[in-house]
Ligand SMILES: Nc1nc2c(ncn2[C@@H]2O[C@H](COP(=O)(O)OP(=O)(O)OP(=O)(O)O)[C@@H](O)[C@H]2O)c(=O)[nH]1
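Presented as structure tokens, the chain that follows is alone, the form predicted on its own.
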């Protein structure tokens, strides 16, 4: 849930990158941190868990306007994808306002994508949130691997697996090259701000 700071005239909200282990969540965040320096407030914080980590930093979306005269500060988070870090993932989702689900295009990760989406849905349910009502954007990552002759799924197949019921915006991407990263983030922030605008209509 977004925090409204009346004193600073600032609204702080939280966007989480979710998805299977080694799908490219961290690569997305690292690319954003390096490429959008002017919009990053402060340092990137890394909380290391054995073999995986949670990253976060403050992001100030420029050019997307204010909400009721307030500046917007977005906290971007990644969650550890491995199955054993289930409790950490749940914890990071607390108070989430928007989600970017990073799916792995590798054919061998098809089932892991679907299991991770199911995991997201059940974790949100525990917080009384619905995956169908939250601002959510899908990213089909690692599209560049096709050029190396590595078997990847078509975006049609991935849409069928992951987006048939959700019907949310989805973007092909290569987080390593930075392709599709900015557009995914911008869409999620835009949807999140739109939802917050409705929630903060009472603010003067």
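Residue numbers count along the first chain shown, from 1. Small disclaimer: the values here were computed from a predicted structure and weren't measured.
Below, we refer to the form predicted in complex with this ligand, which is not included among the displayed structures.
This chain is drawn without this ligand; in the predicted bound form, the residue among 26, 39, 163, 155 with a heavy atom within 4.5 Å of it is 26. None of 44, 168, 60, 145 but one reaches within 4.5 angstroms of this ligand in the predicted bound form through a heavy atom, and that residue is 145. Contact with this ligand in the predicted bound form holds for none of 90, 123 and 192, as no heavy atom of theirs lies within 4.5 Å. Heavy atoms within 4.5 Å of this ligand in the predicted bound form are found in exactly one of 31 to 39, 155 to 163, 66 to 74, 174 to 182, that being 174 to 182. Not displayed here, this ligand is kept clear of residue 99 by more than 4.5 Å at the level of heavy atoms in the predicted bound form.
Although the partner is absent here, residue 22 sits close enough that one of its heavy atoms falls within 4.5 Å of this ligand in the predicted bound form.
In the predicted bound form, not one residue of 117 to 137 has a heavy atom within 4.5 Å of this ligand.
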